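Included below are structure tokens for two forms of one protein chain, each presented in isolation as structure 1 and structure 2.
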Structure 1
Amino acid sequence: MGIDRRTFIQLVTGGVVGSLFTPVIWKSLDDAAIWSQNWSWIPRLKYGQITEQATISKFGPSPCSLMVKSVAGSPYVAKGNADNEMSKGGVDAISAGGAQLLYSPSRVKGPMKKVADGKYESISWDDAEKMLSKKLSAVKGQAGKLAIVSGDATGTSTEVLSAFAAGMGSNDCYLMPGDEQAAAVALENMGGSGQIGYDLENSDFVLLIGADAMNSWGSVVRNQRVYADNRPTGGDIESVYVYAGPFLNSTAAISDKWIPVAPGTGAIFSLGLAYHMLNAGASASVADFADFKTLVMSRFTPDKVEKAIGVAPGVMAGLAKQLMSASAPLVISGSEFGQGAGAVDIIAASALNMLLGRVGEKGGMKLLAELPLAVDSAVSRAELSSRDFAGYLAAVATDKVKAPEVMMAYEANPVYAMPQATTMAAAIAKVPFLVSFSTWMDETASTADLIMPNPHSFERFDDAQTPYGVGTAMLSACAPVIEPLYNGKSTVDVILGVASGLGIDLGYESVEAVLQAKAEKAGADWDSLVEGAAYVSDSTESGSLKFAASVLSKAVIMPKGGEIALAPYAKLNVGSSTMAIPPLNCVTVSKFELQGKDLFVQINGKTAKKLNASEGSKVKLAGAGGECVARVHINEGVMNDVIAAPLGFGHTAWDEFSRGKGDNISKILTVGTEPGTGMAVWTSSFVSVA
């Protein structure tokens, strides 16, 4: 019997209707749904008591005070701690994902040693500590054989490391580069003591020279909160902001006025303003005032300054008048990307504050007293901050200084984050035994001979004292929010144990005891600190500053002009010198900074025409230490002959969210030596473009 069209439709319809009414299909679908819910890899909600605990995170360049919410003991969200003065309730773009970073694929899950084929083998903590002790025992008491670098400028942990270095007979304990180094060297040359701070809260006119306060200078989150408090939406504006820098960055964008000034010329800009102030009768009762005035009035006249940095005399005169007529003006200078500036930039800006009578005043520049040391044999923060790690590594690279036998990196990733990165990485490669205490498998850890992972910020005791840039001395501390997920161990506990075995008495047996002693010596209540409060001290240093005219005379050099200047910038959403791009932040990366694996740099139309470049074209940037490849984005917010380039890309380690994305601009920074102070500087980096 044949099947005609009518019969075919009847059969199909009957089949569909029959399927709908039979329970077999629906039962099978229900069973499949129940079965798939039991797959082991499917995330499951955790039920239990919701708790909230204070902590501090150190993912960015400045510590951030947080409140962490947990369910059944597992953190799931972090927010700012409004009761803590250190970050005033704000939270940075990395710390916001702190709970998720507990489970980052980049975490080092336990101690490891490098084996013959360059891979890593897990070992026990006992074996790791014996291995480290053996290497250190062989160099104890020998100067130049041990070097330590810390990326934590605010923690008492670094005090312990500096005391340990001293006990080993080493003077080579350093901090990773930052604006604090330039400030420390500047203060030393001006005859001051303590730590330079700035009372942003109480200033009614803030001039930022280079310092990108909304992205990379000082305590960024706190700066943002102060700005918001002083300029509430719809409310009265209590503070005027002016930014002088090479392109329209976040700080320039929120300021009342942006004055284009090339990278590395901040000191000339400041001294150009000083000319107009002196001309208007500004003075200061300082020993070298006459020398300073002679220097400024002869070498930084309006025509010379305009020729050097392109700022018209009328603009400079107008700004000087605004500063002198404000009730509480404040001048801050720093690098556009949080590192590499010279001490003279700080000295010149400080000179303006001195001419304005704003040193030690409410809303002005402060000389903050250091909190007492917890470990008696530790190096003071001022001395540690002034030490020059970039200069040290550059000397190792050129064999002017012999490489140490052992180098230890704590909360630091120098293989990636140092200027002229390839050269510096080669210097570190000369070290026979490199130890990383990193929580993450970063570039330094991935080349180390021994990895001894420090727990995540939420898993450990820690503290933070007086971040650079704040206006008062302060201290915060935290206890673990969660038990360690992996086999990490506090670096301080490791060092205390190893030191004891080597016969070096640091006075404590645990990290908690060290931090409690720090709080006690500072006059703070430990219990209040770990509950989220900050200890704040109004103590400042006495004594006057000098202009350091002799240093300014040697160090401030007028630019030759005609070159293409590099203006790197840092944004916390793409990480910091110790963190790569957090996985959750990938969606926040601008298409004008990264597309696929291509890095983008920004230049204006006039510069693009000069370089024969156009939107999207590929260029090769070459500096003293290497090359980078990038595509061009035309942005009229960049001044002439300047290339604005984002830091934080081009990782070769970490995870799939960061590795191989873009290029590392640090490779093409050029490290030079500042005349007059001898410190390494790299804000005046120039590039060739092909």
Structure 2
Amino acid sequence: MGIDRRTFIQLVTGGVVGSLFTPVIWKSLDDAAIWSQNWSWIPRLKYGQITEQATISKFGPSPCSLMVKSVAGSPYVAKGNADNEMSKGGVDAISAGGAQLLYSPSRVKGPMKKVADGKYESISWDDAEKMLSKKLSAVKGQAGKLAIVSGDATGTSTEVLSAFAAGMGSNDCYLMPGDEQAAAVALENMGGSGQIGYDLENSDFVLLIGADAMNSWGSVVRNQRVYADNRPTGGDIESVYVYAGPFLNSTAAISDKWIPVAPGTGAIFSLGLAYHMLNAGASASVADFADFKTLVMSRFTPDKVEKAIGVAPGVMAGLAKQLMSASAPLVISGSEFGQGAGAVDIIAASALNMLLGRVGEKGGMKLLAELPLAVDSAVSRAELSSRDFAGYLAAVATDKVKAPEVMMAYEANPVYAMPQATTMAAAIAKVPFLVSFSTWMDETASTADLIMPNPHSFERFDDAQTPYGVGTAMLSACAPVIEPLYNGKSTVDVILGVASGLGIDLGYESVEAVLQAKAEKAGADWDSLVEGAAYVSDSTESGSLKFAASVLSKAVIMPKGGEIALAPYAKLNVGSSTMAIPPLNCVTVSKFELQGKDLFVQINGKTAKKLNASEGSKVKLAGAGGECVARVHINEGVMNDVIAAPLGFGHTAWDEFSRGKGDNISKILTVGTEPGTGMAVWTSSFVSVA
């Protein structure tokens, strides 16, 4: 039988029709699609019981109370803890990836010592503690031989460190720079005690001078929550926000008004407002009111202020009027990037609160009482906050002060995060024995002689008291959410053990005991703290403040003008002074800040023309202590003659998610000395551009 054309067509047609009706082809295609996605490197999910536990994270600029969700005991998502007053249910962009940070490639997995060729060798905790004890015993009782710096301004751990320093005979226990330093020095000069706080919740008109409340000033997440509550979606605005600063940052973007003011001139702006208030009859029954009035009326007249900071008299007068007519106005001043402001910025803003009669009032500026110390020999928070680490390191750099024999860095990365970073890193390099207690292989750990890793926030006992900026004294605490993944050890436990061996009795045997005692002395219930509640105290300091007119008179200096000023800014998603860009945050970085390895700084069109720069052009910025390379992004949200530059880039240690990306703007900050208080300041940094 032959196959003719007809039979061939019948066979082909039959085959096509048949294939359409058979499921084999479709099933095979479906399976092929699934198999092709079934590759071995795709991780399988872990299932099990889902639980939630409260904790505190200290990755961001201020402590954040979280609820951590775990599956079969393994944390995977962090969310805000709505039952905790410290952060009111918010979560910052670093803490949101806190579970993933447990497995950060930058984690230090156990104690290590530096060996000859700059590499590290793992050692046992016994050996590490012996090594530390030996170095410390050689300097015990000798002032100036031991320095300690802590990046944790709120934890009782820092109290333990300060008590240990005292036991060692050292006065050199410091906090990393922050706005609380300027506030503490300001309060001291104004004759007050306690800690300055601001009752944002109950204010109906908030003027933020410099203070970037949504990114770097005060208790950031709490500020955001308070802002959200006072401005309900679809409802009436209950609190007006005005931001005064050099750059249209996100605080300015969500405020009702942005008033451009040159960087580091917050005090002049405040005193310019005071002029209008005094003119309108504002006064305060304070000892040095007359001196203050004379100073303001002679040196901060509208024309002089306009010449110095470029704000028109009409704008100042209008704002002063708004403040005076609000029922609960509040003025807050601080650095545009959370560090480096002078005490006069705070004093001048406090003067406005005093003229408005807002000190100690609901919705006003408060003087919060300190919670009792857990360790009797510890330094008070007020004193510790007022100590000047930048000033100390600057003195070491110039050999005005001899470098200590031993320096210990706890939750701090001074080699990277200090202003005029290269100079400060060189000062730290003079220290013969540097110890890092960092959880991460940061720049400081990478140069340390001994690394004794503290566990990750989710793996440890910790607490946080009254973060700077909040309106009431408070305390939160947490217990571990997960057993330590690696061979870390609580720094407090290390210090307690070493102290005991050196004959220094700090009164406790474990970190848990210290924190429990702190809670007990504060009048809080430890169990409820660990479950996620915050203890809140209404206790405030009594006594009135003075204007510190003599300090203002010396310290407020009108800018010369004509220079290019640097306006650094910090953003929550990029990291903090203790945290580089976390893995999950890489995609959140704006293309206007980083492209590939290139950092972008921002200037407006007019300044670009002046500097002969255009979009994307490369510039070299030079400050007193170093240089940075960046590209230009034209942004009309920057004021004339100002370069806005993001902090948090240019890491040289850490991991592939942050190392080598951009440049470190801290290098081109210039540390100066504030006349009148002597403290180191760096909000007025000028740069040359090439």
Partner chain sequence: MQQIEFDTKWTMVVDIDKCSGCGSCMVSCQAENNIAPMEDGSNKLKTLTWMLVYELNNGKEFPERESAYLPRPCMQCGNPACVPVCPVVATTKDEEGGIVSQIYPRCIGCRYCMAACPYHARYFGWFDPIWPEGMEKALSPKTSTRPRGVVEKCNFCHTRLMDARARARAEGMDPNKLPDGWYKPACLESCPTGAISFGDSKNPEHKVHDLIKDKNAFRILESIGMDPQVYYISRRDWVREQSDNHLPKDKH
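Bear in mind the structure is a predicted one, so any value in this text is a computation, not a measurement. Heads up, when I say rigid core I mean the largest set of C-alphas that superpose within 1.5 Å between the two forms. Counting starts at 1 with the first residue of structure 1 and goes up one by one along its sequence.
Remark: the form predicted alone is the source of structure 1; structure 2 originates elsewhere. The two forms, fitted on the rigid core, differ between structure 1 and structure 2 by 2 Å or more at the CA of D30. Comparing the forms between structure 1 and structure 2 on their rigid core, the Cα displacement of T673 stays under 2 Å. Here the two forms are laid over each other by their core, and the C-alpha of I9 is off by 15.2 Å between structure 1 and structure 2.
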